[in-house]
Structure formats: structure tokens, C-alpha cells
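The chain below stands alone and is given in C-alpha cells; this is the form predicted alone.
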Amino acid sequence: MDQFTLNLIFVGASFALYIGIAIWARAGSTAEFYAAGRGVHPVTNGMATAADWMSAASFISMAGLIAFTGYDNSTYLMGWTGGYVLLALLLAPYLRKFGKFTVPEFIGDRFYSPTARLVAVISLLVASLTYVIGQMTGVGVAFGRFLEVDNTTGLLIGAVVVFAYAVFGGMKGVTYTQVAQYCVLIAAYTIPAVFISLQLTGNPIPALGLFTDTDSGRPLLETLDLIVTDLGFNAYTAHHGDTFNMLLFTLSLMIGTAGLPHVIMRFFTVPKVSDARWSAGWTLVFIALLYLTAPAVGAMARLNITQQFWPEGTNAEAVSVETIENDPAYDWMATWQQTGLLGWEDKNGDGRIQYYNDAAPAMQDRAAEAGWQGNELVNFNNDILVLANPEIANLPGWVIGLVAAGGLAAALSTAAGLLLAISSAVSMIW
């Protein structure tokens, strides 16, 4: 069975599952549409909230950010997870205790002010619309590669699917749909990571694989540091920025996470105030399954990509254009090149593609000696890294199809939550 058919089966089956769950759990009242009848168990709500939060940014982009920057981008992990600590301690129980369905309702009643409610509505709309654009962009990227359609067509298909199950089910239907989406996305994220960790280190636990010896006899992170510094890049595990700025950036991410309207809404769905706090705790558990794996995904992908361009090591010659065109191990490059998110160019006409940091002084001397004309990997969009990782590692076709379904699940689950937040805000205007 060819890869396109496998992708179609996985994505189509997941879409059918989401719509089927939404119809089965459709809302039958206003309370069920906005707050799932306040009958969602904390564990279920924690899983749904995790799916609501783990958007295209978490699934598609985060590992790419870590892969090409290293340690410094761990701020995203710390800030986003820290936001749930703020939610559990300072926000969720008190919002649930107030007994309203939406954040603008809470603010309007808490401050006895229609003006405050209107400001809350406007703020919610601006934040949610901006965020949903990012999610649908992720849908376009995933569709563009795996279903071989253009970004606009992919975006429209995703929008129709989200609209269908959000309208059918309301918060009740979306809650149980997000539970299914969490299962899909966590499987799609961890299964390839386990395969790749076994390939590189023999350790089936990706997070521990970072500290396990590779074929070079050194731990994976040490091996990666040596390779990237030899090519003029910063050491992967080194801290290069200002620590105080890193602290402030992490704090801003925590506050931003705690204030996300589509996440706050989830805590209106549990039966009791104490359940809201338990929901936040369970959310952290379910998020941790992905976030503890993300650094390993980023590091291992960076190592795999670098070794693809320098298959014999950085002291040998770079990969040849002929190899890229004829070796099945490089088919992923031709496929992703068609999306416009990956590109390379043989600038010096030597028949090889050099990948290195052409801004590093040490590499400039080496490049001048070797006759290189600059980094010939001219375009590598970070967003393709998680989606392309199974192909780079030459994993089975069914794993690639699962990753396609997982990337779409992450984007669609957040988009559905945002649409509900937007609809509730609009309803507050009248």
C-alpha cells in the first residue's frame, strides 16, 4: 500500500471518529453546549484540557524550536507547563466557584460592569482569533504534505471538520472529541520517538535516550554537541542568552498560558470546585507525557538531519546531489521540497550540498579553503521537523500516517476550543 493511501486512511478514520463522537455526545441544552452540563470527571477533563492546550505549536513547532536552538528554548516547556500551576492555584477553583459559563460573564458580574464585560469580550476575540489562525496554518502544513493538496484547500477541509463537530456537540461533544484527539496525538508523538530512540541509542525511553551512548561511544547529547560545534553552530546544550531575560520570558509564558480563554473555559465543566483543581493536576500529567518527550524528539531529529548531510562525519565530504536524487533514504527531501518548506541549492557547483553555519568565523576559513559558497540548505522551516522526522529516520509507512493524523488532531482540538470560546464571547455582546 502506498504512503498516500496510508495517510488518507489514518486521517480519514480520525476525522470520522471525531464527528461520530460529537454526534453521539451532542449538546441537548444551553448548559451542555457551554459547560458540558458541569458533569465532566476531572480525569476526563484533564485529558480534554491537555488536547485543548497541545496545539499545532506544541505538536508541530516546539520540537523544531528546540532542535535548532537547543537548551535556551526549554523556556517554552517551563513556561507553558508552569502556567497550569498558576491555573490550579490561583484561577481555576475560583472561576468554577463563581458558577458562570464564560470568562466575560465572570468579569462582568465580578466587577458589576457591562463595560468590563465588553472589554473582556474584545480581548477574548482578539486573542482567540489570532490563536486560531496559527492552528489552521498548522492544518495547512500537515495537509499540504500528507494529503498532497495546497495549504488553502487543507485549511478549508480542516475548518469544515472543526465546524461540524463543534456545532453538533458544543462543549459536551468537543470534550469527548478532545479525549479521542489526545489519544491520537500522544500516540503519534511518542511512537516515532520510541522508534528513533531505539535506532540511535537502543533505549526505548526517548527522554533517557538523550543520556545513552550512541554508536560513537558517547552520550547522544555529547555526540550532538561535538557535531554541531564542528559545523560552526552553538553547542546544543549550552546556555547562550541572558538568564534574567530567560526568567522573564518563562514568566510571561506562564501568565499567558494561565489566561488563555479556551483553556479557562474547560474548568467550568467539572461538578465541583475541588474538581477544577484536580483537573489542572491531571492536565499537567497528560501534558508531561508529550513535553518530556519533546526535547528528545528535537535533539534526535537535529542529529539525524546533520548526519544526512554529513553521512561520513564532518571531516568527510558532504552528501552528493546524486545521492539525494537516487538514494531512497533521501526521498523525504524531494517530498517536502514540493511544499515549499524545504529547499537546497548547489551554490558552488561541486555536486554536493554543504550544511554548516556560514556566519561562524571558524567555518568561513574552512569554507574558503574547501571552495564552499555558503550554507546550501537554503530553506528549512522548523515546522516540518516533527512531521518529517519519521521519514528522515525511514520508519514504517503506518507510523508516518499516524503522525499525519496526530498533527491534525493537535491543531483541530485547539481550534475547536477556540471556536467555542469565540462563540461564547459573541453571545455575551447581546
Partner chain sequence: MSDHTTHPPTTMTKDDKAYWSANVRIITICLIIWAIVSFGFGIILRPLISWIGIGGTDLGFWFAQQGSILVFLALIFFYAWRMNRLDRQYGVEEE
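Fair warning: this is a prediction, and the values are worked out from it, not measured in the lab. Positions refer to the first chain, counted from 1.
Below: the form predicted in complex with the partner chain, not depicted.
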Open item on the list: When the partner chain is placed as it is in the predicted complex, are 88, 251 and 288 each within 4.5 Å of it, taking any non-hydrogen atom of the residue?
Closed with: yes
Open item on the list: I'd like to check something about residue 355: if you look in the predicted complex, is any of its heavy atoms closer than or equal to 4.5 Å to a heavy atom of the partner chain?
Closed with: no
Task: Partner contact for residue 347 in the predicted complex: the partner chain, 4.5 angstroms, heavy atom - done: no
Open item on the list: With a cut-off of 4.5 Å between heavy atoms, is residue 112 one of the residues that contacts the partner chain in the predicted complex?
Closed with: yes
Open item on the list: Please determine whether residue 78 contacts the partner chain in the predicted complex, using a 4.5 Å cut-off between heavy atoms.
Closed with: yes
Open item on the list: Looking at heavy atoms inside 4.5 Å, which stretch does the partner chain contact in the predicted complex, given the options 182-190, 318-326, 128-136, 277-285?
Closed with: 277-285
TODO: Could you work out which of 261, 144, 93, 158 is the residue within 4.5 angstroms of the partner chain in the predicted complex, going by heavy atoms?
DONE: 93
TODO: Name the residue from 343, 232, 311, 219 that puts a heavy atom within 4.5 Å of the partner chain in the predicted complex.
DONE: 219
Task: Residues from 232-250 in contact with the partner chain (non-hydrogen atom within 4.5 Å) in the predicted complex - done: 236, 237, 238, 239, 243, 246, 247, 250
